[in-house]
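What follows is one chain in structure tokens, specifically the form predicted alone.
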């Protein structure tokens, strides 16, 4: 068979985190999680199945393509081929609008876009729930980038019951995520390794229990547009996740001095009456949550901090979708 398709997908920021797995092969998380798609942090991927190809190929534009990354992509293509009952090799070309491997969920947008493009190119027509399950097998957090806006990933007890669905559409709330970029190079310990190291932490079980308690708090805060409730729980959850990482075996320390400087600044601004909260994924970069009306003020203050290289401003983003503009 011959087929080509291109998809674009948003990265996402988790308010309740995914950290640690109950099944590493199926990427089943220890707890359910909630996130928001980021409209300015996207991955565009073109997949073409071609009988003339002797092997799969991967090109990541404007970035190095490692053997490990390629192997992970090819394994995911195998999952799509199995579903489509084909053996045709594929060419994959991908481009990101933001730094890869730096704690901005590049694997989420990458595997969501790859899943949608590969399925379309292979002639598959999966519903949204099935797409989230398939994307999860490539990268756990990718399932949250398939639906639009604010999304909950149900942990489930099996592959079929671990899926993501929308809580609210992008236009539901003018919430902003300002990513203060202090690191653009790949982090030393990738997220998948961090998940594997989480279990020995003496705080792992307590974090999971706290995340499950926080889940309805965050869901309700989103539905009611309660910024203070969302921010307080999100900030605490970020600290809990990193406490587990720091006490893992071996320990993982993602924060840099600039990370901590931003955390202190955000809390100081909040004490002055400027509503803002931070959250941090598996990396040194800091996500600062605020409301639309405060975006310019907070973005300006972030850019003025030592060590902040750039600020990437995001609104709630759309679903993963097919587009006509191919990369080759």
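What you are looking at is a predicted structure, and each value in this text was computed from that prediction instead of being measured. Residue numbers count along the first chain shown, from 1.
Omitted here: the form predicted together with a small molecule. The next part is about that form.
Contact check for residue 195: a non-hydrogen atom falls within 4.5 Å of the small molecule in the predicted complex. In the predicted complex, residue 241 approaches the small molecule with a heavy atom inside 4.5 Å. Contact check for residue 96: every heavy atom lies farther than 4.5 Å from the small molecule in the predicted complex.
Not displayed here, the small molecule is approached by residue 191 to within 4.5 Å at the level of heavy atoms in the predicted complex.
Residue in contact with the small molecule in the predicted complex (any heavy atom within 4.5 Å), chosen from 147, 214, 231, 140: 140. Note on the interface: of 295-303, 45-53, 259-267, 276-284, the segment with non-hydrogen atoms within 4.5 angstroms of the small molecule in the predicted complex is 276-284.
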